[in-house]
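This document contains two forms of one protein chain, each encoded as structure tokens and listed individually as structure 1 and structure 2.
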Structure 1
Amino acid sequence: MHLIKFIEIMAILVGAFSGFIEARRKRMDLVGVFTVAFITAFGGGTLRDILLDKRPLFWVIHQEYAILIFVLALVATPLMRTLRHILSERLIVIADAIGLGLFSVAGVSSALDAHMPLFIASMMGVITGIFGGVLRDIVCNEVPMVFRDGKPYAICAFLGNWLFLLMRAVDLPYNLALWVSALFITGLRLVTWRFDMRLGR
């Protein structure tokens, strides 16, 4: 339980941090930095909950996360140059891969609770995992990175979501399915990234 909480916070922080970086690259001010960080961290889950018509939203129940990002935006803006040195690209990719795994599996599981058909549930998992970044790129006036760089990212989430659905279909325990699938997504993302594998265009 404590581990989940820890990873969850880490995933949100990583999302927020990638928002920080992009917002700074676009020379945004404090308001932009906070908003883009917030959208990146919570956009995917929020879109999923709107599509499923589920309320209250995650960040409404846990306003401490919103406050955390707000404080970080205040603190991080002057520290951004230093932070970028400390946080190497490798570290960011690893944390982001953990976030992708966790968010995706949380998404597919939540869609399953809402009695979605299987293919839709797998899509909801992908949406939860990737649409924070998609919305970040739209607000920053870019073609979303995840749609064009050809590196397996959404695909990892998609395959891992089906692993989860399969494990649930053969009645494996919920927690086991959750952890194995999240680990699978994170691992697949890291392996394909490490060996620079590409999707055909």
Structure 2
Amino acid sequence: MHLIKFIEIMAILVGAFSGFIEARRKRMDLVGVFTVAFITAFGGGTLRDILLDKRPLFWVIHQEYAILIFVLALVATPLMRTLRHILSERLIVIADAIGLGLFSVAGVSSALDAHMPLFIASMMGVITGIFGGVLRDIVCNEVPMVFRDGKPYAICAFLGNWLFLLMRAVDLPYNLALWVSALFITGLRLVTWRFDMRLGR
């Protein structure tokens, strides 16, 4: 449980970072930066908890998560204004890939804890991994990246979730399964982006 909380915190930080970048690219003010970062960091986990009927939501239980995003927004807004010349789509893709891996394994683990069937658990991992980015892009008036670039974004999460489930089925250590699956999802997403692998386009 300590490891999954650490992974959750890391995923929130990475998700918030991609939200900061996109909000600054859209020249939003402090309120906009905080809102986009908050939605990106908590959107997927919130939908997962709603679907799993878990109350209160995970970021309500851990109010320190929301406070952390608020503090980071205060710091990031002037900093990213200074560094706006290095903010690029590549940084967002990298942050998204890391967040996808971390959020996905946190999501599938949470679904297993709720005694969901394996396929539903894998889908909960996908939802947790992608929905924050979907909401971020919608709020920023963009077609969500997962729907427009043709690359196997959600499929990377789906395959990685099943890798986690397979590793657990053969009784490999829980911590090992989490890290290997997260790295697999992140790496696969970056490889498909780097080599411009596309689905049906």
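Every residue number counts along structure 1's sequence, beginning with 1. Every value quoted in this text rests on a predicted model; they were computed, and no experiment measured them. Rigid core (definition): largest C-alpha set, two forms, superposition within 1.5 Å.
- Structure corresponding to the form predicted together with another copy of the chain: Answer to the question: structure 1 is the form predicted together with another copy of the chain, whereas structure 2 comes from elsewhere.
- Compare the position of the CA of residue 175 between structure 1 and structure 2 after a rigid core fit and state whether the shift reaches 2 Å. Shift of 2 Å or more: no.
- Query: Is residue 165 among the residues whose Cα moves by 2 Å or more between structure 1 and structure 2 after superposition of the rigid core?
  - Reply: Stays below the 2 Å threshold, so no.
- Can a Cα shift of no less than 2 Å be assigned to residue 138 between structure 1 and structure 2, given superposition on the rigid core? Shift of 2 Å or more: yes.
- Message: I need the CA movement of residue 24 between structure 1 and structure 2 once the rigid core is aligned, reported in Å.
- Response: Comparing between structure 1 and structure 2 after core fitting, residue 24 shifts 6.6 Å at its C-alpha.
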